[in-house]
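Shown next as structure tokens: one chain only, the form predicted alone.
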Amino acid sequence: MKFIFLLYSLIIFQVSCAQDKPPEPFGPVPSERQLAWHQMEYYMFIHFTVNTFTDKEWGYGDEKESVFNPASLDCHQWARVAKEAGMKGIIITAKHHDGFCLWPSKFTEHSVKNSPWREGRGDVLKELREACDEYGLKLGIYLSPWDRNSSVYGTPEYLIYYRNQLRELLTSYGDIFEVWFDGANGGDGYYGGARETRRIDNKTYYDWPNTHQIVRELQPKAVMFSDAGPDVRWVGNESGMGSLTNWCLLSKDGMYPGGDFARILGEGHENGNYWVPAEVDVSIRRGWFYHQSQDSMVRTPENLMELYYSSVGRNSNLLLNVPPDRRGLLHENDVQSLLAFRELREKEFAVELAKGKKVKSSANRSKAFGPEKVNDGDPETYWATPDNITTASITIDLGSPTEVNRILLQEYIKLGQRIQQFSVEALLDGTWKSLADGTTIGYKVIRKFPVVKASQIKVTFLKSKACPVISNIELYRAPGE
């Protein structure tokens, strides 16, 4: 009998010790560069080139360098506005499809060095780098794979040219947080005077693995964006809409920039074998470049707030394009809307109602991973269940009936994305009422629901690939409802 008791005690002790250990990572997990990217959440896109002065969206490649002359260009204004708007970085179109370079590239004459701006001695990238440093912003670059100006586009020689330009950008302008490759490749263009249509096989022509290796070597902390990653994927549309079901995972084998993958990019792949989260790119105007005719068509702060919920609120980052005008300044209408959007956002999330409140759960892994970790304000702590329990609930006691209409949820994604289905309920006069439900969570989701006066809020994780690991639950009472 004594032996049986000792054996039983040993088993209990071993189980207890096992549950004191953190859960093992499940499936693909983000790299350090991807974790840093997730935390960026919201940053500015700058579309600026000869198109700004020719009133086009896509330049043909035959534009004279002399058209580029932003007499009042002020990158510090761009950075100041981005900072005041609550953004954390700026990605700029260093070269768009027209091939005009905003830096004095030594590999082409089609650049600012042959423009009247700054008497040919200007460098937009240098000025933007200095401005970002002044305001504590990160800098990213967009280098179009397509070049409608280059006479060698479509030949193997162009790859040498393109990679030389990439090296210039990655070695001359400090730390880069994101390198943006898009999928517009091949078609009609100037091509050094040929004025013809050139088609390429966008699956093989760019030899992407070797191009990616240049970024890895020169900017190891930078993430790379394209339809297929390798680090960050396009969300599949330019309307500002992330998918309600949004896996950070992708089975990207066979995928490449410019391929016909838009239909699957929103949701990603539940059982994908790579961590490739989604980025929502959308413009504050109808176009990507500045057009005076669109000065009255700037998105309202309220519309930007909806974009925030449909991007950051759906486990995506928001890359909001704000194009400088012909002066080289962000237009007053755009600035006004951006700053008012920040005010709206701050009011929306002014008072966090769950922090420090009593929390209980239906299953606990151990004291080290208890339910109080979801509202302790520390992103590095998390609640977890035992390994064999994948359905469980967390209940936050608000102490007294409290108005609430927003919930924010975060998984501890260093251990993978796990949640497949969840629901949110409120205790109203002793009865549980459904408020919201969802599928994936990932880095962050935010759900809106009509105002309720609840004494408790319960989140039930109905289905999970492995034991839930939840780092954060926040509750808010947003105004205006």
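All values reported here derive from a predicted model rather than from experimental measurement. Residue numbers here begin at 1 and follow the sequence given.
There is another form of the same protein, the form predicted together with ligand FUL; it is not shown, and what comes next is about it.
- Interface residue among Asp133, Glu238, Glu352, Glu306 relative to ligand FUL in the model of the complex, by the heavy atom within 4.5 Å criterion: Glu238.
- Between the options Phe26, Phe449, Trp58, Trp432, the residue in contact with ligand FUL in the model of the complex by a heavy atom within 4.5 angstroms is Trp58.
- Residue contact check for His110: none of its heavy atoms lie within 4.5 Å of ligand FUL in the model of the complex.
- Ligand FUL in the model of the complex comes within 4.5 Å of a heavy atom belonging to His47.
- Taking non-hydrogen atoms only, Ala184 approaches ligand FUL to within 4.5 angstroms in the model of the complex.
- Although the partner is absent from this view, His97 contacts ligand FUL in the model of the complex, with a non-hydrogen atom inside 4.5 angstroms.
- For the candidate spot formed by Tyr142, Asp281 and Trp288, every residue has a non-hydrogen atom within 4.5 angstroms of ligand FUL in the model of the complex.
- The chain is drawn here without ligand FUL; in the model of the complex, the stretch among 61-69, 39-47, 421-429, 435-443 whose residues come within 4.5 Å of it by any heavy atom is 39-47.
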